[in-house]
Every structure is written in C-alpha cells, then in structure tokens.
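Next up is one chain by itself, shown in structure tokens, the form predicted alone.
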C-alpha cells in the first residue's frame, strides 16, 4: 500500500501540513487528507484537495464518499499520521470518543498510527494531556515529540510542531522498517576528508557526501540504528541518525573504529584522501616560503584495515574509477576482503561527485554483478540497501 492518511487538526501550525504532503509525494506516496471541522476555519479543504490530488474528507456523512468510507479507506493506507494534533484530538483518541470522521477513522485503522502534537507548552505538559499520550502509547500509537521554539501565543517553549522532515522520516521508518534491520547498527561514512598543510590550505577531493547521506537516510527508514561519519560537507543531516563530524582521514579512521565492534554493517562511501602532507604548520605558511616540492605520505587505508579485522561485519566499499571499472573494483574488493563493492565512473559529468544522480555497478566476491542504471542517489541507495538486506537474511538463514 502506497497511501498515507494525514489527519489535520485545528492548530496554527496547520500550514506545515502542505510541506508534509510534498515530502510524502517525493517518496512516491499518495496522501489522503482528513480534516477536523475546526481545522477548516484555518484552511479550506479545497487547498489540501489541490495539493494531494484527492478529495479532502471532513464530514463523517458526505454523499461524495463511498459507503462506510472510514472502513474502506482504513484498508488502503500504510499509516495514519495526525499532524498537527491538538490536545483535543489526542484526548478524543485516548478516550475512544468517535464523533467525527478523524476520531471514527482512528478506531478503524489497522496500520501504524503516528501523532505529532502541536500546542502551547503548558497544555502539552498538563498532567491530563500527558496521561492521554501515555494511554495512546500503551495502545501502540507512536509520537513525534514537539520541539522548543517560538509559539503562536508569543511565548517561547516546548509544544511546537516537529519539522515536516522529521515527521515524514519518522513516518517512513514506521512503514518501511524490515525485521532484518531491527537492532542492527549500520555505520556509514560520507563526503571527503581534508589533509591540512596549514590553517588555510588543504588537500581534498570533489566528494559532496550526497550518496552517503542517502544511504544513512534509507538505512534509518529500514529500521536500523545508524551512525553517519561525515567529512566536511554542507548538507542537512538525516533525521534520526547519529552524526559524527570529522575532517582528516585519521579522524575518520578513529571514528569508524569507535563503532566497528558493535556494527553489523559498515558502508564506506566516503572519498577518503589517499595522501597527506608529510610536514604541516599550525600557522599560515607565507607564499614566498612555500617550496614547490611539497612532500606527501600515504594515509592509512581504513577499508583495508577493516577488511582484515572483520569479525562477522558485512563490509561494503565504494570504488570511484575513470577507466577499467570492473577490473579495478574487483581487485579492490578482493584485496580489502569486502562483501560488496559499489563502483561508478567518475569521469562522467552527469553522475557521481556533486550530482543528484548516479549509475553504479555492484560486484560480489562470488562473481555476481548488477548494474543500477542512472537514477537518483536516493533510489540507488534504496537498491543498495535492498541487496544488503538480502545478504543479512542469507547470513541469518545460514546460522
């Protein structure tokens, strides 16, 4: 099922529901909006109908709807999300009161239910509201905690609706999680590293980190616990992911080994610098004192170290090549004892470094290979994690 039911209650943050719809649509998910009657005093139902492409539901008895619409729709959805959720709708759901379409629909759904509260901090922290939330949690309902910030009442405090990105990512984790990823720690490296000569000059590469970020995002959605170890990139970290920021290859190495023993899967998508300066300075070196023959030395090969120290971890490497892609990737896979390698041609201007799209080959030690044709890095990461999930299942079956 590829449909979300989005319940919208009468909060001033109702305008954020438009962004929630858009983010779901980017994930190829349809959205059917259900509004409370009071919510229509903020925004007309036609607004959400135009955005979602489906008739917005308000009234329990509407001749435009199918007979017993709340039952029919309940069988079509993957998730009921209520965002924003007021203290009133939370109280209704907790008590089992069903006096409008949204509260009646809640009692009919079999899918997961996620609630994103939005209200004044005092209302959210009131013992009755907290008791209602606890009751719903005990019944299996999940919540996206509100954030602190400027509130409609003019005060600053908790109770502000969580960001649309956080709400949607939490929703996707609920509907996409797979048993094989439960309780698995996945470590993902992303972006470049920088090897400093002095405080203003460094050696680096063109990696944007986009591929690693998408892999971390998708791994989180599948239900894994995710650590993203990122080099110096300017990207918004995925929701729900623990982030470790590093600069040099040695810092990345230390961060990876910090989690390696606990990890089930390590995905080394970062473009780690192969060389660093033999001599560096804590102060800027004046131009006239710079020699034209700067000496370099090799950095530690993190991936090769990981391969030789494997104790059951599934190790995935990346190969950015400009020629002889299959031969070089296969050689790298064998030398570094990888379970899977992802290779792409970085000489192409339309894919790879800095682009939103990629085309990659997957190679396995048993000789299997697979081409993932040019598509978004998000979809490439989904395909890679599908293969990782299959490998984890195979290992589970062999134990």
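These numbers come from a predicted model, not from an experiment. Numbering follows the first chain given and starts at 1.
FYI, the form predicted in complex with a small molecule isn't displayed, but the following is about it.
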4.5 Å heavy atom contact, residue 272 to the small molecule in the predicted bound form: yes
Proximity of residue 285 to the small molecule in the predicted bound form, heavy atoms at 4.5 Å: no
In the predicted bound form, residue 161 touching the small molecule (heavy atom, 4.5 Å): no
Contact flag, residue 368 vs the small molecule in the predicted bound form, heavy atom cut 4.5 Å: no
Contact assignment for the small molecule in the predicted bound form, among 213, 105, 318, 181, heavy atom within 4.5 Å: 318
One residue of 93, 113, 87, 268 in contact with the small molecule, assessed in the predicted bound form (non-hydrogen atom, 4.5 angstroms): 268
Per-stretch contact check against the small molecule in the predicted bound form, the hit in 370 to 378, 335 to 343, 25 to 33, 50 to 58 (non-hydrogen atom, 4.5 angstroms): 335 to 343
